[in-house]
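A single chain comes next, written as structure tokens; it is the form predicted on its own.
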Amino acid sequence: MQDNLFFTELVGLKVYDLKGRKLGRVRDAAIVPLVDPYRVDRFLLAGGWAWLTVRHDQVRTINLDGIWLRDEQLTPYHSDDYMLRLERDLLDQQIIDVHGRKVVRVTDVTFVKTLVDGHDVLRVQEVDIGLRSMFRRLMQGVAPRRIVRRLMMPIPVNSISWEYCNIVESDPQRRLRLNISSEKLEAMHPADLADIVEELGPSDRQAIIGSLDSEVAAEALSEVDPDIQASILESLSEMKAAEIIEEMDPDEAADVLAEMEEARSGAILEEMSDEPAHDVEELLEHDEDTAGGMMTTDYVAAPHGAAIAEALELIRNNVEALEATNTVFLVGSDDQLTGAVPIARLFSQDPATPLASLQAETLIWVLSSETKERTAEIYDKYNLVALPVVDGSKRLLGVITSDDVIAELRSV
């Protein structure tokens, strides 16, 4: 047999001993996620001068009239970081609805009541966030519980299954004790995760990003407003910030480091691996309002005299660059830009075919000192998918992609 009970109904219920004598009233309830993430493990009882703890296995019956015990050997309540208290830690708190991909505020909790080994057990079923739960709270203590239930029936239900809830906890150690996992967050699209991060306060943003896998965190941060990016990374340890920045595209990493205090960005760069740190430092040398400040150093370049087979091998060894561009650039012995070949052309030709024979007839490029505005105009005029950036000697320095231009247009 099973039935539903709401937390607003649970709070204030009288608790009776084996002889039917009142011991006190329920003031809170707690789950212990490491043991069971759904079952109400403890009822916290206000009786006399101290709070008492009622274990789930000490309960016989729970209904709207009260709680009757089958074991009355109660112990004083002591705070426990392994317990998630529903009144203190969940009610009126922001949580993440990973299914709806949004931040919500909890106004009530729905339990399902089941009969286990002859006694009642409560399990968290949903968190309530709508008008119905607000009505229950407003009517708490004003009208009998059964009447409140009848009055609320016309109001639509608005709730989230407990399995889709991710609790926001800023203390890393308590996150661990409460067994708060980031797996469901990591499965979300980076853009959705970024929207959630932007809705949270500074400490909660830090907690969420700090708990994520570094690659996932980097993808999410790439979708976040640059000012927020910098503030989040500044709040993390230098090692964690370095791990995340290493996973970002070099141009995005340079942009976010440029927003930080020089001492802080320098400390993070020291924690980074040599190669990504070198790429980012090179980009930081360019003025952010120029083509050099827009470009990325993730690209594929092949010697001018190379054949298709050599280019394909370079591509296989630099898959990350393909996420940004669909072009192989040709360079001379001194890294001077000589041509560009769309990658799609490589797959319809003999592997021994020289790359230079497939290059585009017109090569469009831009100097690293060119302004952002003029660079965007060139990109749009020639309908490009990748725009190489060179220095005064026409040495290839980087590439500007569609993402870079779109980001610039959004900031205007």
Partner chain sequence: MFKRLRYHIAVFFSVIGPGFITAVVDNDAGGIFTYSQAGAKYGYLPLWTLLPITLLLIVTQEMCSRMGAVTGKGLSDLIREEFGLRTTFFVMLALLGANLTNVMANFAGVASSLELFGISRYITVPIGALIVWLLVVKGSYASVERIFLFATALYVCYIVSGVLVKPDWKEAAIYSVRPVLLFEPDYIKLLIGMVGTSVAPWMQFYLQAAIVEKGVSAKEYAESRIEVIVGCVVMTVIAFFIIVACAGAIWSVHPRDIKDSTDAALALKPFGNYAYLLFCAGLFNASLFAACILPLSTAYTVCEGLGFESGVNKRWNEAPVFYWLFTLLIAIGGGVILIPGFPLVRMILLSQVINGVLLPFVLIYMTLIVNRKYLMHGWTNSRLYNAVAWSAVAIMIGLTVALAGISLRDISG
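Remember, it's a predicted structure, so these values are computed and weren't measured experimentally. Numbering follows the first chain given and starts at 1.
The same protein has a further form, the form predicted together with its partner chain, not shown here; the description that follows concerns it.
Heavy atoms within 4.5 Å of its partner chain in the model of the complex belong, among the stretches 176-184, 287-295, 140-148, 68-76, to residues of 140-148. Heavy atoms of R105 reach within 4.5 Å of its partner chain in the model of the complex, making it an interface residue. By the criterion of a heavy atom within 4.5 Å, E262 is counted among the residues contacting its partner chain in the model of the complex.
Taking the partner from elsewhere, P172 is found to have every heavy atom lying beyond 4.5 Å of its partner chain in the model of the complex.
The closest heavy atom approach of I155 to its partner chain in the model of the complex falls outside 4.5 Å. The three marked residues, D28, L84 and E163, fail to reach its partner chain in the model of the complex, with no heavy atom of any inside 4.5 Å. Checking E275, E270, D92, E313 for any heavy atom within 4.5 Å of its partner chain in the model of the complex turns up a single hit: D92. This chain is drawn without its partner chain; in the model of the complex, the residue among E215, E281, E234, D192 with a heavy atom within 4.5 Å of it is E234.
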